[in-house]
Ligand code: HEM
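Heads up, the chain below is alone and in the form predicted alone; it's given as structure tokens.
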């Protein structure tokens, strides 16, 4: 283990709200070894920005890590040329031009269908009824796995992110993850003949056309589902909740004084849907006054970096008028999220403007629960709309 100071945490309290603990760590022990996670945590933005691109020391390659063991070795678990090759292969699917010219129209079609079904007056849990469904429909198209339902996509995603963050080693969580990955593997295999005969711009078609090995294709589609479902799902639902509980800020957006993209950037800073990224130390080294040994496991705490007081005043406050441009919710180096453009288009370009335009008098009807630290977001969104 590293020579970083030891800090104990209450895992249940950390899941409920990690920010108070992370604030104390940034102030007192910005690099700390947490026995409950058996990991060394980096919590300050400057340290993470310096460490993340240095894959010679902080390697993404983790052959014994949970993600590789449960989902296969995807591009997030590769560095250098191996990572660049797979990233380049998927780029035609998620490039800004493809997102603008191809996917955005499909996102709008899906959002329109969902909002038509919700109607002009009603009530329900919009976490499931809008955010989860829209995110799942988008991923069905993006991955090419259109035979799966949006419910299938969401269930598989949740099982996989629970599995790869199962640092407590719960066998039930692992079993559920393995069932989900097997189901996705089966769906990929079944979809390959059609993708070869009728190639499109989806991930499956593009990776087949790039002649990536089948294990890489399977692993990267599972990666896209695991992160590409929960992140937009949680951000869509979370922003709706945040704006409904900050009506003065909602008014600024609806009046056109603040853009939906500004809202998006501040929200992912304030409540980062992906709170950390794991690395493994590849060589003995001393950085930031801490000695690291080969094999040490490290967490870059993105959620903490986005609350770093050296960069953000009053970071615990949701404030869409701030300049949130220095957040690292999508990463800070070569592994910057490849799906960032698609996410911004789906959320800021389609989901948010459409739901607030279509569902008049949108309001909360109950308490909203929030949880998680590796993956964090709202867990429900009880709302009503239409006549008061």
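This is a predicted model, so every value here is computed, not measured. Positions refer to the first chain, counted from 1.
Form predicted in complex with the named molecule: not shown, discussed below.
- Only one of the listed residues (144, 232, 163, 238) places a non-hydrogen atom within 4.5 angstroms of the named molecule in the predicted bound form, and that residue is 232.
- Of the candidates 362, 337, 348, 37, 337 is the one whose heavy atoms come within 4.5 Å of the named molecule in the predicted bound form; the others do not.
- No member of the trio 315, 322 and 377 reaches the named molecule in the predicted bound form with any non-hydrogen atom inside 4.5 Å.
- Stretch-level contact check against the named molecule in the predicted bound form with heavy atoms at 4.5 Å: of 323-331, 27-35, 352-360, 62-70, the positive one is 323-331.
- Contact between residue 139 and the named molecule in the predicted bound form is found at the 4.5 Å heavy atom cutoff.
- Among residues of the shown chain, residue 292 is not one whose heavy atoms approach the named molecule to within 4.5 Å in the predicted bound form.
- The named molecule is not shown here, but in the predicted bound form it comes within 4.5 Å of a heavy atom of residue 279.
- Using a 4.5 angstroms threshold between heavy atoms, residue 159 stays clear of the named molecule in the predicted bound form.
- For the stretch 191-226, the set of residues having any non-hydrogen atom within 4.5 angstroms of the named molecule in the predicted bound form comprises 223, 224, in sequence order.
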